[in-house]
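Laid out below as structure tokens are two forms of one and the same protein chain, each shown alone and named structure 1 and structure 2.
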Structure 1
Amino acid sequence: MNDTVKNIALFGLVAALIAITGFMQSWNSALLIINLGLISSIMAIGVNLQWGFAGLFNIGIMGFVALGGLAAVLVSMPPTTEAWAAGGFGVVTGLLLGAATVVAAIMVMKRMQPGRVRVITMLVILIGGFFVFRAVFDPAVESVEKVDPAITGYLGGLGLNILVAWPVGGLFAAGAAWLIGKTALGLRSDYLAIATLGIAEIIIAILKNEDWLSRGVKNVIGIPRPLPYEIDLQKDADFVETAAGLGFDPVMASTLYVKIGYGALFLAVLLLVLLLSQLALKSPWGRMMRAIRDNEVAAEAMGKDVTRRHLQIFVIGSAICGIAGAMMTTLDGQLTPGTYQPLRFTFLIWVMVIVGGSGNNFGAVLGGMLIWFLWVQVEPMGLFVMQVITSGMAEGSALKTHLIESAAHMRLLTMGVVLLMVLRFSPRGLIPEK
């Protein structure tokens, strides 16, 4: 079997698994798997650019995804006029003062001669700027968060179309990646991993605790959608008539219509990202990145600026994760900072890249779809298997109860088994890099 036939067969297998889900469970479940699988595939491509192209070990994916989710709120939610009147401009002034303090300290460090005078000057600027910043920022935040905290208590957004938030999410993630990369990409790979993980945790902590920005753990709900609500479709006489003509119940038809619409949008973004990634892979830039990945010393000897190129691809890969994060928040219709867990947004994406094939963009897409399908379906399948195994046991048996309750852990067990099997029998992934 040649590579092309094998790859088509692998994608066909994933499609067949999703189709079986549709026939045996529901097409709603199948379409939800497809939509989240498409978003996961986009994240996997972003990580594959960093690791597969350049060998950068980024375990802060969760933070970049969360920034994409924040962009969906700041761009699409309507502004809270009462909060802006109460302290919005004070918050903005405080943030500008904080930024000015940092810029002033950097300017002093660059322009003054090293010595005691420079150190003292920087300390005066940083300490004084910090107290001025807090004096302006804290009262303004307190005023904003007092404005109807059960419903709002935050500044809101710009009220723009939600689709605008997707590229903005990429810009947010790219900006954070640039700041991280400027400080950490000159370090060894293990230090880069620690730095990205630390920054991701800081981003999540900010989202959870800064209510004026994202409502914290109270969550932001009702984020505008690019598609109509199901209830509105069910009230549309033309839609109901068309659904009845096709033999569909209006409720089911509206749900499928919305999910298919999301799938079309996500597929368009995935195809665009995949096309650009493939063009980059086959370009001189892509060959240079792989040369740097394989031997940094030799690449530097040939005159390549390794740190600069690492920064480029780190920013690009993180931006793709930010776009995917904005897409996921759009699909959910809410921002829930408490759900941004490393298990889902870092470990799972890395499993997708490794299983699919590091360095191969099509492998990243395959891994994204396959691993997400398993992540969703393994738990109910495990529960079914446990019920079959324990069917002959007496009701109330401690062993039976324990085995059935253990079905919830089948997800983690399956991920580990799949990863070990692939590393044992296909260490370069299901679709390895050529």
Structure 2
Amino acid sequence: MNDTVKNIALFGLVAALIAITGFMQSWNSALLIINLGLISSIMAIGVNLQWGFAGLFNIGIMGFVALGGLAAVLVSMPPTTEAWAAGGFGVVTGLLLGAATVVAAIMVMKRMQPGRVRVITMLVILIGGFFVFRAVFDPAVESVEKVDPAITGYLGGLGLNILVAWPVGGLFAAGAAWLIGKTALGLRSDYLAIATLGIAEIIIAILKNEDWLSRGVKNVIGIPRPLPYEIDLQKDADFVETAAGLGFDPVMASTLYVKIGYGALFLAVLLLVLLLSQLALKSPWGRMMRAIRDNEVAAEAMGKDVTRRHLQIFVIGSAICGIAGAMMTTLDGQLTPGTYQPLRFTFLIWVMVIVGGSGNNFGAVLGGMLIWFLWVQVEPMGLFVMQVITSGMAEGSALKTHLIESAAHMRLLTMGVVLLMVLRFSPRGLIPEK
């Protein structure tokens, strides 16, 4: 059996699993799995670029995904004019002052002679700048957050089409990645890991607490959609008629229509990202990346700028995660900072990349779809297993209740076992790098 047949069979297997879900449960849940699976695949490609191509260990994916989500809010929500009038100027000035402080400190550090004078000047700039920043920023934020806090209480967005948010999410993530890469790349791999883990937590903390920006834990709901609402479709006479002609009732038809629409959009992005990554992998640039990954010293001796190339691919991979994050927030229609969990948004993506096959873009896509399917379906399967195990026990016994209630936590366990099994018995993944 050659590789192509094997790969097609693997993808066919995932398709069959999803089709079974469609027949056994419902086509709505099958389509939901496909949609989030497509998004997960895009994230997995982003991580695969960093890890598979360049050997960079990034465990801050959650942060980049969340930045993409923030972009969806900032681009598509209507601006809160009152809030802008109340404190918009102060907030912007405050942020500019803060940025100016940091830039000034960096300039001092770069331009002045090392010594005690430099340290003192820097401290003065940083501490002074911090207090000025707070003095301008805090009252402005307070007045912004006072504007109708139950509904808005934040600055709002630009009111543009939500699709614009996808590339913007990529840009946000790229900007953050550039900042981290500038400081942490070139250090050891463990340090980069800790640094990215930290920045992701900080980004989530900012989203949760800066109410003026993202409404914090009050969540932003009702983000505009690129597709019509189901309820509007059901009122549309033409749509109802077409659906009836195909033998669907309007409610079913409208939900399927919207989900398929999202799926088509996501698939288009996935195919584009996949195509570009494949082209990159096969280009001289991709070969150079893998050369650097396999032997940094030799590549450097050949005159390759290792740190710069690392920065480049780190930014690109993170940007892809940011795009996927914006897409996910679009699909959800809301930004809920409280739901960003590292196990789900960082480590699960890693499982996808490792299981699919690091260094292979098709592997990343396969891993994304397969692991996402497992992540969703392990819970009902676990519940089923627990019901079988406990079927002999007395009704209402404490152990039985506990086991059935705990079935929900089976998924973490399963993911860990899958990851360890693949690492042990097939360390190059399901579709290995060529």
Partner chain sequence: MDFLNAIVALSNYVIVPGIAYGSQLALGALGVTLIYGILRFSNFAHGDTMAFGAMVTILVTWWMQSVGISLGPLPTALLALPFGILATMALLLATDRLVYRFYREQKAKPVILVIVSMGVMFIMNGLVRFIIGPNDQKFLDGERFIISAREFKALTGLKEGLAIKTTQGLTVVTAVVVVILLFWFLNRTRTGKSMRAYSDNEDLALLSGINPERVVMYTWLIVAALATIAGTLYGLDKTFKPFTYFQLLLPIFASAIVGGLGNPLGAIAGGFVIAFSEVTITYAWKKVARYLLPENLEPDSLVQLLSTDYKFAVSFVILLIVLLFKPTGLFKGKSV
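Every residue number counts along structure 1's sequence, beginning with 1. Between two forms, the rigid core is defined as the largest C-alpha subset superposing within 1.5 Å. All values reported here derive from a predicted model rather than from experimental measurement.
The chain appears twice here, and it is structure 1 that represents the form predicted on its own.
A displacement of less than 2 angstroms separates the C-alpha positions of S29 between structures 1 and 2, with the rigid core held in common. After superposition on the rigid core, the Cα atom of T390 is displaced by 2 Å or more between structures 1 and 2.
Superposed on the rigid core, the forms differ at K400: its CA is offset by 2.3 Å between structures 1 and 2.
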